[in-house]
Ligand SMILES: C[C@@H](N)C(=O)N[C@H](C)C(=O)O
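Below you will find one chain, with nothing else, as structure tokens; this is the form predicted on its own, and questions on how it binds or moves follow later.
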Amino acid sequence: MNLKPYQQIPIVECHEPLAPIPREVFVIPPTHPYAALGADYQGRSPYFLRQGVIQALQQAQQALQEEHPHWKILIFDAFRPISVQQFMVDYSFQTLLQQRGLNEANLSEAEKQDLWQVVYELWALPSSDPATPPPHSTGAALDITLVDAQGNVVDMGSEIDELSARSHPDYYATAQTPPEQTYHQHRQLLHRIMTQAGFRRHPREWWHFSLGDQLWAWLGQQENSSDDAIARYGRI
């Protein structure tokens, strides 16, 4: 599998430690969705991030409540060991086979590669190379959504981790129906509070934001080609 463009960004590790995401500030589900599928975190909590990332996330939460009192950011996923990255990549491949009614044993190598290409549009390669860590394995990336004042998860028009074009942030940007326009408004709200706090959003995932990793540095370089693109968070 070819490297993604952001994986060529150099990392100058700052050695900032992981810290627990404060449960009193954010919504954290009682059971992690990947652990529920069987992913083994080997005693490590997924609800950790680098200290600087947590501080920025708290700024985003404050900005959210200034616009929508009592709304909160829901943490779907944060720190992810490479072993869990591998588990979810394999799980997604099997899910894609089921969705398309395919039997892996009957597929040609070219057909398998086409399916893997779909998987790797969403999931980063579970690379053990320190120069190309999956974003979530750095403690600098997280998957999030919003919860309203009544405690209901805000409808964004698709599920997190959905393998479809609906995952693209601007999928509903030109929508004509009121529900779809609302989905776009919700995505814009999430994007606005996070970018104001210094995060950058994954180009193909409305829910994925990072700060300080290779993807974040690469996206900054795309916005301003004069910037020196260097990541400060590498693999934990």
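One rule holds for the numbers: they count along the sequence shown, beginning at 1. If you're wondering where the values come from, they're calculated on a predicted model, not measured in any experiment.
Unshown form predicted in complex with the named molecule; subsequent notes refer to it.
- Residues of just one listed stretch (67 to 75, 94 to 102, 136 to 144, 107 to 115) have heavy atoms within 4.5 Å of the named molecule in the predicted bound form: 136 to 144.
- In the predicted bound form, the named molecule lies farther than 4.5 Å from every heavy atom of residue 48.
- Within this chain, residue 122 lines the site of the named molecule in the predicted bound form, having a heavy atom no more than 4.5 Å away.
- Contact annotation: residue 132 falls outside 4.5 Å of the named molecule in the predicted bound form, judged by heavy atom distances.
- In the predicted bound form, residue 171 stays away from the named molecule, with no heavy atom inside 4.5 Å.
- Residue 202 is the only one of 184, 32, 202, 191 with a heavy atom lying within 4.5 Å of the named molecule in the predicted bound form.
- The single residue of 150 to 164 lying near the named molecule in the predicted bound form is 161, the criterion being any heavy atom within 4.5 Å.
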